[in-house]
Structure formats: C-alpha cells, structure tokens
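What follows is one chain in structure tokens, specifically the form predicted alone.
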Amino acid sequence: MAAKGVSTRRGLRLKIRVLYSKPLDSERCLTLMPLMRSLLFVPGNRADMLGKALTLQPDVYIPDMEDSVPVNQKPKARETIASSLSKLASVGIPIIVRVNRIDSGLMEADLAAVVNSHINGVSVGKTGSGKDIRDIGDVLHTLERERGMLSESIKIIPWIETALGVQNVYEICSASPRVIAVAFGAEDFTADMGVERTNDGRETDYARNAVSIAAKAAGVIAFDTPYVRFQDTDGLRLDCIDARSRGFKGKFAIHPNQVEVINQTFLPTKSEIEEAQTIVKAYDEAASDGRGTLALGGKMIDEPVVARARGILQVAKTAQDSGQV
C-alpha cells in the first residue's frame, strides 16, 4: 500500500496542475503535489528527526536550517540535510529546504550544499522585496548551470515576516517564475512590529489578509504561519479554519502531531461537498432551461457561487484521486 502511494504521488507530481489559484504554467507545476496542505519542519541539525520524517506523511518536507537550528549548529545542519536528501527524496514527497535569510551571510553556502535534483525548491526567510527574489534567483541560476540542471527547476517560497515584506508582498510574489507560493510568519512579524503576540492573533489580521490577497493576485499559493502551541489540537483546528477562511491553502507544522489536523482541515468537509454538489446540479439544470440565476434554500445562486462550489468539488476530487485524504 505504501509503495502504491509513493508511485501515485510521483506520477501526479509530473502532470497535475495546482487548483488553488489561476492556472500556473506547466513548468512551475512540475514540482508540486496536487495539494500542499501540511508543510512539516524538520530541524536540519537532527539526523534522528530527519530519519523519523521518512515514516511521516506530510504533503511537503521542510528540512530547516533557520529558526529551529541554534547559530552554532547551522554548519552541522547544512551538512546533515545535504547527506539526508537522497533518502528523503526516495519517499516521493516534495522537499523544500528552508535556508537562512538573504542578509545572514549563510544563504549562499546553504544553497550550494543542497541544490540538486533531490529538492523541489527552497524557502527563504524575511524576504523584503522583489530584488531579494531576483538575487536569490541569480544564485540558484549559477548553481543550476554548474550542476547541469534545468534552468529555474528550483522554486522559491519566500517568507513574509516583516513590515517591509508585507508592504511589498505582491512585488515579491510576482518577481520571478520561481516563486510558486508565499508564507506568512507571525512570530517574526510581530517581533519586527514590536507588538505582543496574542492568542487570538488580532495583531496579525491585516498582514495575513494582505499576504493571502497578494498571493491570489499573483497566481501563487499562500501558506499560513505555524501554530506554536503544538499540544493544543483544538486550537490548531480553529486556527486552520480561520486561515482557510482567509484564503490560505495550507499551514506549516512544527510537530508531526499537527500534520493530520492540518491535512483534514484544509480539505472540504462532507457537508461542504454535499452542498456544492447540490448547487452545481441545480444550477446546471437551471442553465439548461436558459436561467442564469436561481433560488436554492432561500439563497440566490449565480455564477460566482457556482464557481466556488465547482472549486470545492475539484479540490475534493483531486484529494481523492491522489490518495491525499
């Protein structure tokens, strides 16, 4: 059963388009799973945890060289991740390595250690402008050329974690075809703003919405900030529901126990699927009679409502076809 799942994932990686936004070009879709809901951080300096990750089933692995690694352990993390990539890749789950931010003095060496055919992309913290993306792209282009890789085969997921990043988020999302998604980081954002990080997260409302809207406008996916209270399953579920309502399509996990909740919450519920089926069926019947709107359950149903319903059904079908349920 596991081997079949790996085979299905690998095949779908090469042909299926992302469903969340306007269609992306085929090259940018090559490295993506049909759904990217759970992105699991794995501390890069911990060989044991990288090994354990082989037994887990997030939608994306995120071997981490940045926040989860102490400063004096970063060289070790670089080496440990590099030596673990072939085993991680054998599972068939996409790998996006989080490297240190562009102004850290570490990013170039991080990229040089991990850029190869085993990874699908890199994630870079505290991205502040489109120029940052282009500078990262220049480093990646040199490494791809030196290593005989296809140009732009390594994708980028920038983190928006500062006021500057929020201000420039659409520019960042649209700066390069390498950018396939964007991530919001609430902990660093609130630190940058000098405000308290509260349980209800009201201080991040504007920034989260800005990131999600800019991602949609640029045709990329938005991922929400990790939920740091990793033992609070109910709180995580509510936070995922809130993120989904804002347009985020997935969330980062800082603990393996968070993966299942994230995966479940970022799929349509049974009632949502049933309602969507009812809407589409009723609308198609009305359309065959020449009507563009109809009343259903006391609500007016028109094309935008139907488009949303069709989107729900397509996500559900993709999850079913790919075994991501």
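Residue numbers here begin at 1 and follow the sequence given. All values reported here derive from a predicted model rather than from experimental measurement.
Separately, the form predicted in complex with a small molecule exists; it is not shown, and the next lines address it.
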* Thinking of the small molecule in the model of the complex, which stretch from 146 to 154, 224 to 232, 109 to 117, 205 to 213 has heavy atoms inside 4.5 Å of it? -> 224 to 232
* **All of 249, 313 and 321 within 4.5 Å of the small molecule in the model of the complex, heavy atom check** => no
* Structure fact -> Interface check vs the small molecule in the model of the complex: of 52, 299, 281, 270, the one with a heavy atom inside 4.5 Å is 52
* Considering the small molecule in the model of the complex, which of 254, 164, 139, 186 comes within 4.5 Å of it through any heavy atom? -> 254
* Asked: Does at least one non-hydrogen atom of residue 40 fall within 4.5 angstroms of the small molecule in the model of the complex?
  -> yes
* Is residue 57 a contact residue for the small molecule in the model of the complex, using a 4.5 Å heavy atom cut-off? -> no
* **Non-hydrogen atom contact residue 289 with the small molecule in the model of the complex at 4.5 angstroms** => no
